[in-house]
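Structure 1 and structure 2 below are two forms of the same protein chain, each written out on its own as structure tokens.
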Structure 1
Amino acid sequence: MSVPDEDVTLRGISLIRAFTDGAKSRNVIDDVSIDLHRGQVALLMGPSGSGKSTLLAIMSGLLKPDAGQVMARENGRWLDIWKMSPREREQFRLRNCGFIFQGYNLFPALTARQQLEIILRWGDGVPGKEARKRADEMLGLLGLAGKEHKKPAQLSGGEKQRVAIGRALIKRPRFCFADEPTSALDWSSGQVVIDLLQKASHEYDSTIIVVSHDHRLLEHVDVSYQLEDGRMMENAIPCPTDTWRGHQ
């Protein structure tokens, strides 16, 4: 299915990133170009060491490429992420991006509810009562009702991962970057996560890219890409859920 160019919101152009091991250097990302679209969940797959997480970090403004560009569309304007100052890039991420990391990155002293509230209150200026309501709604969707007052040390690995996912989606980000978001979850919980990512993409027109080894996700995303040895092996492959709601 063809995709209108105006739906492209995030574009990687001829990206290269090399890592050095002793006297040897190799391109972990080797001349990769990729277009990502609003209203889609894109899945980036490939064997271990293929460069998936590195590409995710480059596209999200966390890791600078050695060559190439990352262009992001914000309010109709194209911005070159890696020509921004560090402060500008930080502000861009704060305004537009949600992140789901493998390591959770939760605040040890905050409860599950507070982990989400802080994003809304201090990031988006949402009043306290509304922030609490939205945080509790998200925790309920994630199957964490009754866990609102638990701190990370009191939660299982899967529960911590779900809190981290809720934190990434709570502000309805324009872009969401998810690194193995279902790796610590059983499949039923993983499907809840993917359903939430789909909701964010289709209802809020978010652009979502997911890195995963889990082939079961192929039936639950809109498009997939395959990386091997730092190179994009195939063009985007439409997946069963690629209905392009509102864009047909």
Structure 2
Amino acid sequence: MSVPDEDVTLRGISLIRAFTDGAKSRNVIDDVSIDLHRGQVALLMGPSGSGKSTLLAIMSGLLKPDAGQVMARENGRWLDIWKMSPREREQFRLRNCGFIFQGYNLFPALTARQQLEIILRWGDGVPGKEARKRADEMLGLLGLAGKEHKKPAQLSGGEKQRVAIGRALIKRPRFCFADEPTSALDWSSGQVVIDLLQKASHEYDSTIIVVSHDHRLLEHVDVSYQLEDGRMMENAIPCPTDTWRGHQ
């Protein structure tokens, strides 16, 4: 089973990132290279402090590595996102990136619909009517039809995470970064969330990277990576559900 190289969309090359604690400096990410593919959900696993979230931050353009490159393919062109200016990187993230975090981070005052609308209106300047239509469509796909007017306090944990997923996917991003998206949920809600991410990666041909320490997710992702002490232990283990859609 192999993945065609032209399907690689995000590539980390020899990444190093050190954190200083007093006089001591420690490599949290230690010479990590990783290839991520379109249409796949990749699971990044490892114990606490292994550097998973740091690697996610580096790959998503939020945290600069001390050494190495992050290359992203956009419209057939490879871009080194850490050679971009901060403004260019912000624009890159606006065009290409969605984020999901463990804590939902939904605006308490806004309805489910507004949480999604705000991304389209503030990010892409989509007119109100169209933003509303697209938000409602996305909420429908996420099984939240009829809950457009609900505010976070009126939604369950699973529903809130689905709204957060909708917010990340509303602009159909090339890359979606999810940090522990299921850890605050019971397993059945967690399953729904990871399956939604699976579906989205296939439908939008997105590259989705999930950071988690929950082994139960292994059965629901396309590929997994194991980090320990900042080093990649096992590289690109295809998972049981892996189908490499269209590339077998």
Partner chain sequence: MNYSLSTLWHERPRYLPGIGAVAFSAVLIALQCGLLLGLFKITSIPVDHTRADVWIGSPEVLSVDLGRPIPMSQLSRVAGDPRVAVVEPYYQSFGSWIKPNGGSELCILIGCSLEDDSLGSITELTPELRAALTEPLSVVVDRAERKNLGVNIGDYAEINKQRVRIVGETSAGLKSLAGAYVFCSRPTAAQVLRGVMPKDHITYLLLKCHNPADAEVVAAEMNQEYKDSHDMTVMSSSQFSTRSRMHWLIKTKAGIALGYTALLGLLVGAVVTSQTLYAATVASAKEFAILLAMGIPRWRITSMVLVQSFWVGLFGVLLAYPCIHALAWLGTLVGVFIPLPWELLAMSGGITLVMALFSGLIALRSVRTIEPMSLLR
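In this text, the rigid core denotes the largest set of C-alpha atoms whose superposition between the two forms falls within 1.5 Å. The first residue in the sequence of structure 1 is number 1, and each one after it adds one. If you're wondering where the values come from, they're calculated on a predicted model, not measured in any experiment.
Asker: Return 1 or 2 according to which structure is the form predicted alone.
Answerer: It is the first structure (the form predicted alone) rather than the second.
Asker: Would the C-alpha of residue 87 be classed as shifted by 2 Å or more between the two structures after rigid-core alignment?
Answerer: After core superposition, the displacement of the residue 87 C-alpha between the two structures stays below 2 Å, so no.
Asker: Using a rigid core superposition, assess whether residue 174 undergoes a CA shift of 2 Å or more between the two structures.
Answerer: Moves: no, less than 2 Å.
Asker: Using C-alpha superposition, tell me how many degrees the smaller rigid part swings against the larger one between the two structures.
Answerer: About the hinge, the smaller body moves through 17 degrees.
Asker: By how many angstrom does residue 142 shift at its CA between the two structures when the core is held fixed?
Answerer: With the rigid core fitted, the alpha carbon of residue 142 is displaced 4.4 Å between the two structures.
Asker: Given the rigid core as reference frame, how large is the C-alpha shift of residue 129 between the two structures? Answer in angstrom.
Answerer: So the C-alpha of residue 129 has moved 3.4 Å between the two structures.
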